Structure formats: C-alpha cells, structure tokens
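Given as structure tokens, the chain that follows is alone and in the form predicted alone.
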C-alpha cells in the first residue's frame, strides 16, 4: 500500500514558470524517501505541497488513500521539521513538545506521559525545562523532531533539518535519525541538496532538476547506474568523457577521445561509426601506476595536475594527452604520486557507463 501518492503534480508561480512539473511518485508505508537536487529544482516546493502549505496548480495528492489535494495542513496528520527548527523561543523544551498535543485537546496526564516518552526516546529528558536558546544545534534538532513525532503523525516531512549543523554533528544526527525512523516505522520524506546525506539516509532517492524528476532509485542504483549525465555528475564524483565511435565489436566499441587516444567502452544498443557518445567512469574504478603496463582493459598516459589527501584515500587529477582531465581515487597505500609526474591510468570496459547527455 502506498502511504503517499503524487499524480501529475505541478506548481506554477508567476504565470508560466513551473517550479514543479508533472511529478508522479508513490511512497510506500514506512519508507524513507529523500528528495535530492540543486537549489531551485523543486524539491522543497514538492514537500510543501505534500504538507499542504502550497496547493498544486495541477495534479492530486493522496495520503493513506485519501485525496488531500485541497485539505489544509492541520487535517493531514503530518509532522513537519523545518530547516530552522521553528521552535517557540518563549517555551521550554517540554512545552514545545507538548504544543501539538494541547492543540488536540488531550488531557493533562496524557500530555505529560507523552512528553516524557518522547524526551526519553530522544535522550533529552535532562533539558526539559530549558529554553531553545540554551540548547546546542543538535539538541534543538532533537526537540524539533520529537515535537513533530509527539502527535503520532501518519508521516514525517523534513526540510533540510540538518543544514545548520556542523559536519560532525550532521553525521551523528544522520545515524540517530535513521535508527529512530526504522524503530518507529514512520513514512518519512526528507529534502536535502547534500548527496552524502541522501545516500546515508534514503531507502530511495528522488533526483530532481528543473522541477522534474530525473531518476528514482535506491542509493546503489543511482550511484552505479545513473540514467543521465546530470545524475551521474550529481551523485558522487564522476569522470564524464565524450568521444567518437571509431570501431565496433561484439562486446564493446572503440571510442576516440582526441588525437591518438582510443579507449574501449560498453557497446551502445545501436552503435554507429562517427557517432558522438558520452560515458562516465567512477574515480575509484581507475588504477594509477608509474609504469606503462596496463592492469585493466584501457591504458592511457597522463600527468598529475593536482593531489588531494583525505587520510584513507587520495584524489589525483590527471591531465591526459587529449587535454581532458580525469579524477582518480586511490585507497591508502605506501605508493604516492607527485604533481608533474607522468603516470599511466587504466580501467575496465565494464566500469565505463554510457550516458544520455
């Protein structure tokens, strides 16, 4: 059963400008779905339409099988966590968590018991009498989260809720948030522009660009099988290369990158000699050596232009003779390469993925 269903959802502002265009999506009960994309791609507008803060120009929204397209937010039974947390600064932590329960006119004893349970679950019971200004960013985020969950919503909507945290705290909260969502089994829709955050949290990722959905899939599917150049570039680091088909064989085709530089890539469905194609190779699939002996199917010579050390791995930017740059990721080892050094790089045909430009 779908917990949320979006049918031909569109939203226009200022006349003809589409912020969201013809979005179709089914979100399953208990699923954690992340909307991912650059600023202005339509992800937050889509979330706000699900919440009821914006009404669509066209299309329908169903929650739990009920058409809520024109239903106001308070009747949709959703919990919402905003980027700025939107906590009531003149209320204590306990009062913030109790706010939605009081709006529903629950009895005092029931409210107190529910607040105690939520604070204990988020491990912030010690802060119940503090005010938001007295809390750290991570503590405020926990308060905003349990306030949204206290009303037992049908689903949880989160609009870049970790954006104000430093990197270390974001990583901690990502783990805690995912564990909490799995424990409660609540359907969750999360908006972010951070690809790493999306990969760590999502059961499925919805990649958006220009108000449209470009690809939907599990993190592994989007990373390993992007359906377009945009998705390949947006999900993780990637080398996007273009060339011209020079020759065709049964399992692959030979592509000329420039001058005398030829490489073998996966065979297109209907390859034609002279046709221009776009393909990608992930940096971690490329080997780098000092000698010219290729360890994989393709072998190209280049010069180290730049190095970036990350402790457990090093990134090398290699300038090829074809005047193209290729990023190589090498896991931690005793061997390192210096700027200006001539090196050989190689990769296998199976790791070169054809793209729709």
Partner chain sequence: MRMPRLSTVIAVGALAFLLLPFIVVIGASFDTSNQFAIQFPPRNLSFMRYTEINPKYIDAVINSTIIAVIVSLLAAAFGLAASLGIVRGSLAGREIFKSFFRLPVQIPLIVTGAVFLQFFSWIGSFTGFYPARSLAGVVLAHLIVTIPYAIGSIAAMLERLHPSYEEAAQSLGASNWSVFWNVTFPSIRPGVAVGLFYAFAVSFGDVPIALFLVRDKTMTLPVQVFNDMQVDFQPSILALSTLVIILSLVMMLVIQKLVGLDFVLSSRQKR
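Since the model is a prediction, treat every value here as computed from it, not as a measurement. Positions refer to the first chain, counted from 1.
FYI, the form predicted in complex with the partner chain isn't displayed, but the following is about it.
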(Q) Please tell me which of 89, 136, 167, 250 lies within 4.5 Å of the partner chain in the predicted bound form, judged by heavy atoms. (A) 89
Q: Report the stretch among 73 to 81, 216 to 224, 114 to 122, 262 to 270 that approaches the partner chain in the predicted bound form to within 4.5 Å, counting heavy atoms only.
A: 73 to 81
Q | Contact at 288, 330 and 337 by the partner chain in the predicted bound form, all three, heavy atom at most 4.5 Å | A | no
Q. With a 4.5 Å heavy atom cut-off, would you call residue 151 a contact of the partner chain in the predicted bound form?
A. yes
Q: Would you check, heavy atoms only and a 4.5 Å threshold, whether residue 212 touches the partner chain in the predicted bound form?
A: no
**Q.** 4.5 Å heavy atom contact, residue 324 and the partner chain in the predicted bound form
**A.** no
Q. Within a 4.5 Å heavy atom cut-off, is residue 104 in contact with the partner chain in the predicted bound form?
A. yes
**Q.** Members of 25 to 53 lying within 4.5 angstroms of the partner chain, judged by heavy atom, in the predicted bound form
**A.** 48, 53
